[in-house]
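Presented below, as structure tokens, is a lone chain in the form predicted on its own.
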Amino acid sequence: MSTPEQPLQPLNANEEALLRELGRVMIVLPRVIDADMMREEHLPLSEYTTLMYLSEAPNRLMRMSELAATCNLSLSGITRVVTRLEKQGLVERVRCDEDARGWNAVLTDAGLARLEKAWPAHLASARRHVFDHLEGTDLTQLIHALRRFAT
């Protein structure tokens, strides 16, 4: 932060380069993993991610608004994804027990099987586009630094 006594300092060359590369990674990485998932499994990354988070939730169930936030989508965006998955029999929507206005998304057995089938393609893509480029990097330190961005 700058104060009246301490003016805002311009970014140095390394800071500028890092900021630009982070921006590029945030755009390119989801695109390349999505392309791999579509080519290998005919499953968009948005659908894979939705299935993944549902598989990790208690009873494989999440409130739609919570699922949207977890997947970094708007409520209307997650509704479109869940509707596509529902048409394939991979997810069901059920009313919330505690709130008759709310809806939960529930991963079906078929959805879990689809996730398990697609997992190797996602793993291979993640290794190829991320982890193969981080050889020798302290991943624990990197994780902590990246987590601080969102807090």
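Don't overthink the numbering: it's just position in the shown sequence, from 1. A quick note: this is a predicted structure, and the numbers were derived from the prediction, not measured.
One more form of this protein should be noted, the form predicted together with the DNA, which is absent from this view; the next part is about it.
- In terms of contact with the DNA in the predicted complex, the residue from 31, 39, 117, 87 that brings a heavy atom within 4.5 Å is 31.
- Within 4.5 Å of some heavy atom of the DNA in the predicted complex lies at least one heavy atom of residue 63.
- For the chain shown alone, residue 49 is not a contact residue for the DNA in the predicted complex, no non-hydrogen atom being within 4.5 angstroms.
- Within this chain, residue 56 is remote from the site of the DNA in the predicted complex, having no heavy atom within 4.5 Å.
- Contact annotation: residue 109 falls outside 4.5 Å of the DNA in the predicted complex, judged by heavy atom distances.
- Judged against the DNA in the predicted complex with a 4.5 angstroms heavy atom cut-off, the residues 73, 76 and 103 are in contact without exception.
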